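Just one chain is shown here, as structure tokens, and it is the form predicted on its own.
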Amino acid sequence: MLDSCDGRVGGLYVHVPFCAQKCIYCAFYSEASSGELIQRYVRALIRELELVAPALKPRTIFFGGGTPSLLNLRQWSEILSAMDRLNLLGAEEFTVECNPATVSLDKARLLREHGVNRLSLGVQSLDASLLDRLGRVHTRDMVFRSFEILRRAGFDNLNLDLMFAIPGQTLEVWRQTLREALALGSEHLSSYEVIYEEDTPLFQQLQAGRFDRDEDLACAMYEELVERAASAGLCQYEIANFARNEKGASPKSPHSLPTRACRHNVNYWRGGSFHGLGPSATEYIGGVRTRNWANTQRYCEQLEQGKRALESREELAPFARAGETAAFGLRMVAGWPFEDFQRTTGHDLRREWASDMETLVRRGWGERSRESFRLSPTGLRFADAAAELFLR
């Protein structure tokens, strides 16, 4: 849990909704926009930071998108200077997502100078035809060039994002991507199976019969991912996330995280509180979930009037909140230590979800010990279906 002893929230997520162009698989709120709207967004974001700053003491910060690295040097300087003025810098982990097409040495150095210490590079594939298929604006050469630039700028904690089960992707193409990506030696790897979200061009192509889903191939690709990541010295700590241990670091317990795990995301999976700023961003504090308008124009208008741009508010009952926390936490390889779950939620997993855990054990999807419950390797592959049992 990230909250400070004085009750201030320790997690901060900032959504940057702009992209050079929209990828065909993306269901996140993002748009290709003009410089004028981006500048208006920057001013509105700074106003939102001012509104929440008294309740914030960030231990982890994550700028996601969209494409945060699309912001220019002046815009980044405005945001970071405002954060400095509001005493919001100095987080233990400060991540910014980057597209390889929008990385420069000057921008990387500016981020580093202001305490950004972790960058996530949206690679997705190293196959030229698949990058084109997905609508990515970067080339494979840009990935290697950007990685070298970020190292030169002093970043020693880099994540690579990859995708598998892309239409047209063969197992051999996936193996080659993994070989090349792992050879870069990043400290973290995130790799996600393609999801077909409604209202995306990729989903429409699937519905139109332009390609078929191959579940067996997707499973084979996932197994290849887990095996090759382990061989490269990356520890799997969540379904799609793998991280290194720093030299000399050894696990303190079976539930310990690798030292390069993304602490910001772990806070999500462990039911922690966080502020969410920017268009469409979700915030979760004290069992109350709010969401900002998924409309940049509306977002800016609300902040220009001096108020948060909240579209919705949902307060979860304690038991429903505990079930949701259980479901999210089971995404992690360590699962839930029973004492940790009870301390986090006030509920006992052994008593109130006993039959659900037994169902998963019988199915071969769950493993229970005296101290904890976790999903088996097979259960992790089908974690969404397993998690549904815990939701109330």
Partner chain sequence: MDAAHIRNFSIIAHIDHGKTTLSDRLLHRTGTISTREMEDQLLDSMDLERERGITIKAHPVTMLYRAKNGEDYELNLIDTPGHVDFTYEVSRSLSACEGALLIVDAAQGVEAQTVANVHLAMKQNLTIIPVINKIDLPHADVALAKQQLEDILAIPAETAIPASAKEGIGIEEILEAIVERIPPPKPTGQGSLQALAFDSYFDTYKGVVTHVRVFNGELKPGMNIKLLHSGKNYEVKEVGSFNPKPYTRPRLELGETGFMTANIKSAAEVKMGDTITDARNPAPQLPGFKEIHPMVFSGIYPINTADYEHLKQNMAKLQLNDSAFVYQAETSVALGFGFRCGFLGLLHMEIVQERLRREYGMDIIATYPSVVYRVTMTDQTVKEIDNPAFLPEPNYIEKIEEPMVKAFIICPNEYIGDMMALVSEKRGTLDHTETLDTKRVMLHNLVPLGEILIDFHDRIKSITRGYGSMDYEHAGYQASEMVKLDMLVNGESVDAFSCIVHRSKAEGRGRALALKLKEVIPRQQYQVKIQAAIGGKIIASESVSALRKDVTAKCYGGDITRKRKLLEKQKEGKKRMKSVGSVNIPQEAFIEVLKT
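This is a predicted model, so every value here is computed, not measured. We call the rigid core whatever largest set of C-alpha positions still superposes within 1.5 Å between the two forms. Numbering follows the first chain given and starts at 1.
From this point on, the text means the form predicted together with the partner chain, which you will not see here.
For the residues Asp132, Asp216, Glu246, Asp141, the 4.5 Å heavy atom test against the partner chain in the model of the complex is passed only by Asp216. Between the partner chain and the residues Leu184, Val173, Val137, Ile195, the one pair within 4.5 Å by heavy atoms in the model of the complex involves Ile195. Heavy atoms within 4.5 Å of the partner chain in the model of the complex are found in one stretch of 39 to 47, 362 to 370, 53 to 61, 344 to 352, which is 362 to 370. By the criterion of a heavy atom within 4.5 Å, Ile239 is counted among the residues contacting the partner chain in the model of the complex. Although the partner is absent here, Phe338 lies well away from the partner chain in the model of the complex, with no heavy atom inside 4.5 Å.
Contact annotation: Arg392 falls within 4.5 Å of the partner chain in the model of the complex, judged by heavy atom distances. When the partner chain is considered in the model of the complex, Tyr268 lines it closely, a heavy atom lying within 4.5 Å.
Taking a 4.5 Å heavy atom cutoff to the partner chain in the model of the complex, the contacting residues in 376 to 390 are Leu380, Arg381, Phe382, Ala383, Asp384, Ala385, Ala387, Glu388, Leu389. Annotation for Arg363: C-alpha shift of 2 angstroms or more between this form and the one not shown, rigid core superposed.
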